[in-house]
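Form predicted on its own, single chain, as structure tokens, below.
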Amino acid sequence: MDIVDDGQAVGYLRELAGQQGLDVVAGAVRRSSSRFCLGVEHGDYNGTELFGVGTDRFIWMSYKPNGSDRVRIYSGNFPDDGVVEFTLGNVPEPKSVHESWARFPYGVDYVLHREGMKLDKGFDAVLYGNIPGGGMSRSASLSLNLILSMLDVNGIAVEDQFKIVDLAQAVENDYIGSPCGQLDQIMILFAKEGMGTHYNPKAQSIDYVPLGEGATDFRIVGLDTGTVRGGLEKSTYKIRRAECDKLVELAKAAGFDITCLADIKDERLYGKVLAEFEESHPDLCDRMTYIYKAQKRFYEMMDAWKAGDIETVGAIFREDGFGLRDEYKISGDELETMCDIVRRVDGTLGERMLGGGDKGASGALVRADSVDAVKAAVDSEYPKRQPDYADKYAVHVCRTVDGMKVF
């Protein structure tokens, strides 16, 4: 189903509800966005500052209280799972559901009850999304949408939005078993149309940063490779996170005063840690090197964004991709194929893999007048170089949007 706007989405949700015998007529529709991280990818669990935008690939969910204590919910993306139905407070044990998308609504119910929230009002719901399955944060968008909708039905207000972020992370960490950080949830929940979102973890603050005047007209392009990545718990992401944590523990044991890799900002400290562990743990030092360099690039990128120098933003985005590929070693063959193809197109300002790594989507910043050339290059070259995905890939030309909208 090719949904391109809210009107089409609402119509399709009504059609799905009718087919499944679910009553959402005159209910609410919550739309949650995807995200595009400009920096620092994989920085959240390493303690770095973050910057990104919400993008217009969405999950739409139509929902309405059903006068019972049961949830009945259907996904147009996973029709084989049928209607997922459960009584509030009575879901399978954590990490026991692996193959079904139902682990997300189960997980939301589990976490909200664990946090002491009184849930006694069930609802009927149907949902559909067009977010690529890797790299633009489909799972975080779904978790946030479900949490906010379930709280809404039950009349529960949570004033602290960072609490919502914590809840969404807990759904994935504690119930599903995915070791995600908070980058995706923050970039989606706080996203504002036309603005960049800057998160400072030490101050736990959000600042909105407009793109400087006079910037070259450009587009954000998602490059879905057509590959399917399992959950983060099955990916290189889990390994890289453990490696970063291991180096921090080794450094602390050696007397270095750090709590995360982001604390290694000073060149002198970086040199000392490198000298201590480069011979015994070269791979761990590569991970540290990426985070160290990425933080330096981050502040340069922020300055360029504020100045409207999107060419420099793109160049830093590209350089960050090389670091993710060569130092953090989190990319994948199909992701790099996409990057290599679009890098050769005049007008591509920067490109790199997105998200958890291995599979999923890459992304690019492209001059507006070069978007057609980028699409043509991908259509021409990607099927030749990745024939197994010749009928599965997609190019998404995106704009910045609010992360959450209810209508």
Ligand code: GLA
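Since we're looking at a predicted model, the values are computed, not measured. Throughout, we count residues from 1 along the sequence that is shown.
Only in words, not in the display: the form predicted in complex with the named molecule, which the text now covers.
K.L.:
Should Gly363 be classed as touching the named molecule in the predicted complex when contacts are defined as heavy atoms within 4.5 Å?
P.N.:
Gly363 lies outside the contact set for the named molecule.
K.L.:
I'd like to know whether His42 contacts the named molecule in the predicted complex, with contact meaning heavy atoms within 4.5 angstroms.
P.N.:
Yes, contact at 4.5 Å.
K.L.:
For Thr289, is any heavy atom within 4.5 Å of the named molecule in the predicted complex, or not?
P.N.:
Thr289: no contact with the named molecule in the predicted complex.
K.L.:
Answer with yes or no whether Phe123 is in contact with the named molecule in the predicted complex, where contact means some heavy atom within 4.5 Å.
P.N.:
No - in the predicted complex, heavy atoms of Phe123 and the named molecule never come within 4.5 Å of each other.
K.L.:
Can you say which of 22 to 30, 62 to 70, 343 to 351, 43 to 51 gets within 4.5 Å of the named molecule in the predicted complex, counting heavy atoms only?
P.N.:
Comparing against the named molecule in the predicted complex, the contact stretch is 43 to 51.
K.L.:
Go through Gly308, Gly76, Gly181, Gly133 and name the one with a heavy atom inside 4.5 Å of the named molecule in the predicted complex.
P.N.:
Of Gly308, Gly76, Gly181, Gly133, the residue with a heavy atom within 4.5 Å of the named molecule in the predicted complex is Gly181.
K.L.:
Hey, which residues along 332 to 361 are within 4.5 angstroms of the named molecule in the predicted complex, non-hydrogen atoms only?
P.N.:
Residues within 4.5 Å: Gly355, Gly356.
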